[in-house]
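Next comes just one chain, in structure tokens: the form predicted alone.
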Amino acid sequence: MDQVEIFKALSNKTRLQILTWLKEPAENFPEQPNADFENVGVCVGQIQIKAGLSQSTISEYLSILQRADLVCATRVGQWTYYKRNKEGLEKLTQIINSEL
């Protein structure tokens, strides 16, 4: 992923909040009956409720974060779940430490 695209993904307050919430999902979201936070992630509907934005806006934000390799998606039935992509965040840390 291009560095510019990563930093564009981080240039929005709500997208930054989503990453922060996903860091500690059990503290930021209600329990999910059909999926656990660690293995599957947080249902997009729960992220949408917490952010207070439309489903289409949240889906676009999550898509931007996914293209930047900052989150990963898992589909379970009709639902999509998101969690932080540890490898992508480690790459971001390396970029900051070595190139900036």
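What you see is a predicted model; the values in this text were computed from it and never measured. The numbering used is simple: start at 1 and walk along the sequence shown.
The next section is about a form of this same protein that is not shown, the form predicted together with the DNA.
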> Counting only non-hydrogen atoms and a 4.5 angstroms cut-off, does residue 29 reach the DNA in the model of the complex?
Replying inline: no
>> Is residue 61 near the DNA? Define near as a heavy atom within 4.5 Å, in the model of the complex.
In response: yes
> Does the 4.5 Å heavy atom contact test between residue 85 and the DNA in the model of the complex come out positive?
Replying inline: no
> Applying a 4.5 Å heavy atom distance criterion, does residue 17 contact the DNA in the model of the complex?
Replying inline: no
>> If you apply a 4.5 angstroms heavy atom cut-off, which residues in 77-97 are near the DNA in the model of the complex?
In response: 77, 78, 79, 80, 82
